[in-house]
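Consider the single chain below, provided in structure tokens and representing the form predicted on its own.
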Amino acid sequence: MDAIVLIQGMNILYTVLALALVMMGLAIVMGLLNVLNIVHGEFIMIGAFTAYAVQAAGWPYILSVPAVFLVCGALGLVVERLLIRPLRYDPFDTLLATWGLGLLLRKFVEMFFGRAFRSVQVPLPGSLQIAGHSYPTYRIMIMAISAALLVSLVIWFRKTRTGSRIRAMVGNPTLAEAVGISTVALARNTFVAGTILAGFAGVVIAPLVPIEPQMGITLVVNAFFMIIIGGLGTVVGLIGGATMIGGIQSAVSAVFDPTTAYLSILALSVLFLWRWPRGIFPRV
């Protein structure tokens, strides 16, 4: 019984941290720029296909990280300059525009890779012993990466000069411009950072999920569920939403099945939209 409790607890922790990793880029773009970035799931998908392409070429898997930084960084620059900025970061307009861009990106990926499912070999096979029980090494690495990124995000946002400028831009863009802060460059860099984080999440989860052009749709739906529950624009909301969604998803799937878990999350999200539309930890 102790083994079952330990492994289930590790599975819940893994699900929470993996969802936080997937959601991080979207939380930055939506929370700080107020952009409803529907194409976030496609950026994750492109990250996963980048990992597949690197491994298919026979290169070391670690090269997927600089490769996705280049690919998604360049894509983020182009999307921000040609699509998001001309729409003046309007939430509704960017929602429609990124939804259309998502369709276009999926078709491009289908054109180059087809619709078949692809897979990536796990770069760290095997298991580690935790309290006398085995747990996959790569899952532990994902948990460590996600936790490190969350801590780094908090420190960066709260303690650095760039974080202070972003808070000023979010609070009062006109005043921020008046004191010499380039809000255009800051918004651009923030959007690109969110795009790169999405691509990096795709690289990290690629060995554990089926890779195909439609994979981003489910991921971005779960991310929006987390934002609805956790709240928009705070790291605490990011962690809270990931904890509730990940915990419920893992626990209900273990007792019943994944479909029941998804319906439970959907019902909870509807309840929050009705009773607490700003989530548990909204930005004040």
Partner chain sequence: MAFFLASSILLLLALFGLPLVAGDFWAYQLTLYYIYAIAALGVGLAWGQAGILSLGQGLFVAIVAYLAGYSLIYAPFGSAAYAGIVLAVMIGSVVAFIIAILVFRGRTESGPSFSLLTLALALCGYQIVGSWSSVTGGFNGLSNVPALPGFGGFLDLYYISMSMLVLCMSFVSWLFRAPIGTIWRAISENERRLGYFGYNTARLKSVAFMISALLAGIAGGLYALQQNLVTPDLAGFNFSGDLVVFAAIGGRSTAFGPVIGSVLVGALSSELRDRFPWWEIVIGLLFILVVLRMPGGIVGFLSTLLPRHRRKAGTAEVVKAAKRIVAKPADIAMNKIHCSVGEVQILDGLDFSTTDEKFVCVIGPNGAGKTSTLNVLTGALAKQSGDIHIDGILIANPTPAAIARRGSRSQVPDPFPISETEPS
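Because the structure is a prediction, the values reported are computed rather than measured. Positions refer to the first chain, counted from 1.
What follows is about the form predicted together with the partner chain, which we do not show.
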Problem - Position in contact with the partner chain when the complex is considered in the model of the complex, options L95, V154, V78, A144, heavy atoms within 4.5 Å - result: L95
Fill in the blank from the handout: Note: exactly one of G73, P210, G114, P91 sits with a heavy atom within 4.5 Å of the partner chain in the model of the complex, namely P91
Completion exercise
Given 131 to 139, 172 to 180, 201 to 209, 146 to 154, the stretch touching the partner chain in the model of the complex at heavy atoms within 4.5 Å is 172 to 180
Practice task
Using heavy atoms and a 4.5 Å cut-off, decide whether G240, S253 and F256 all contact the partner chain in the model of the complex.
Solution key: no
Practice task
Report whether the minimum heavy atom distance between Q214 and the partner chain in the model of the complex is within 4.5 Å.
Solution key: yes
Handout entry: Y14 within 4.5 Å of the partner chain in the model of the complex, heavy atoms
Key = no
Exercise for the section: Tell me, yes or no, whether L219 is in contact with the partner chain in the model of the complex, where a contact means a heavy atom of each within 4.5 Å. Expected result: no
Problem - Touches the partner chain in the model of the complex: Y61 (any heavy atom, 4.5 Å) - result: no
Practice task
Sequence order please: the residues of 74 to 113 with a heavy atom within 4.5 Å of the partner chain in the model of the complex.
Solution key: L82, L83, P86, L87, R88, Y89, P91, F92, D93, L95, L96, A97, W99, G100, L101, L103, L104, K107, F108, M111
